[in-house]
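Heads up, the chain below is alone and in the form predicted alone; it's given as structure tokens.
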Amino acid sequence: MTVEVTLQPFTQRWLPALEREMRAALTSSEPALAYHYGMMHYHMGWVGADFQPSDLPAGKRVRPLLCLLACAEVGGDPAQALPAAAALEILHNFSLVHDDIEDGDETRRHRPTVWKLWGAPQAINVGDAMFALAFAALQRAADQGVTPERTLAALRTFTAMTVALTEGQHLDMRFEQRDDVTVAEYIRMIQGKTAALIGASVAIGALIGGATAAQDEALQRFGQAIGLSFQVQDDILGIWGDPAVTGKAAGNDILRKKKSLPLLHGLNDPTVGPRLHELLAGEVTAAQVSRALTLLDEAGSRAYAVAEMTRWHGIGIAALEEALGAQARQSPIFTVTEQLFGRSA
């Protein structure tokens, strides 16, 4: 049986179960709190701004899917990993609610953000609640037969990941106030903001599934490396991506002066850097974007970013093979990983 045949039934069975688990974690029977939980449900894509049920964009659920797949890959029952998978997705969405406030983003998934509709104070509180409820969701693992020892170990990994997530966000916001960010500092930032959550998703699922310590460590390295590779791919698409695919204007990240890997590589180039700094000092026009693209080509920034993306991807697949052996490249988790890199640059 091919991986493609195996993966589809898995997602058809377990993603609806995941949605039910998340809804159970993000609910209250107290009428006075309906508005509070309604804002959470809005962000999750379950209701509209009027709190009526609606089929709205809800994200790809990649992280919880990786958690469930990792559990299955090491011989575990994905049902036992459902609370952890729900916790991971709820925590991810907590970070998005707060990111939108911190970045001033007024839209997400093609509709107004929580803070834009209901104000920053309510949105902060919604994010705080989702943070706490994510931990509560993970503790429901005991109800699925997960041993106290494995539940505690999963909580330790989950807690370490949440700390890394906030550290990465701190660095990201700090970088906005600096003009001297290095490539190494950027990699450290995305290790916390992007890679830590994907690494923890795989590690927690494997832990609940009964992985050995060596398997679990290798799978966490796999997730972290794939997370880094995926972020670098996103950086490439943010500058050179096809607008028809990305939904964003060509060179969008240059217009925003986003300190992504290719732009930082160019800014730190001894020859191109000074000219690029000068070009981006003021308001960036379409003509300046074109000039910046020329300078990035001169510095070899795109080629550098592609090489880094490929390098981290290779590190991740090697870790997956270390954990799963000969079956690694035939596993559904490998298929999901490769699908992450199916977007066109």
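The numbering used is simple: start at 1 and walk along the sequence shown. This structure is a prediction, so every number in the text was calculated from the model and none was measured.
What comes next is about the form predicted together with another copy of the chain, which is not displayed.
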Discussion item. Counting heavy atoms only and using a 4.5 Å cut-off, do Val306, Thr310 and Gln330 all touch another copy of the chain in the model of the complex?
Written reply: no
Discussion item. Tell me which stretch of 252 to 260, 95 to 103, 81 to 89, 193 to 201 has a heavy atom within 4.5 angstroms of another copy of the chain in the model of the complex.
Written reply: 95 to 103
Worksheet item: Of the residues Arg140, Arg275, Arg111, Lys116, which one places a heavy atom within 4.5 Å of another copy of the chain in the model of the complex?
Response: Arg140
Worksheet item: Glu167 near another copy of the chain in the model of the complex, any heavy atom under 4.5 Å?
Response: yes
Practice prompt. Answer for Asp180 alone: is it within 4.5 Å of another copy of the chain in the model of the complex, judged on heavy atom distances?
Written response: no
Worksheet item: Hey, in the model of the complex, is Tyr37 touching another copy of the chain, heavy atoms inside 4.5 Å?
Response: yes
Worksheet item: Going by a heavy atom distance of 4.5 Å, is Ile236 a contact of another copy of the chain in the model of the complex?
Response: no
Fill in: Residues in 137 to 163 with any heavy atom within 4.5 Å of another copy of the chain in the model of the complex
Gln139, Arg140, Ala142, Asp143, Pro148, Glu149, Thr151, Leu152, Leu155, Arg156, Thr159, Thr162, Val163
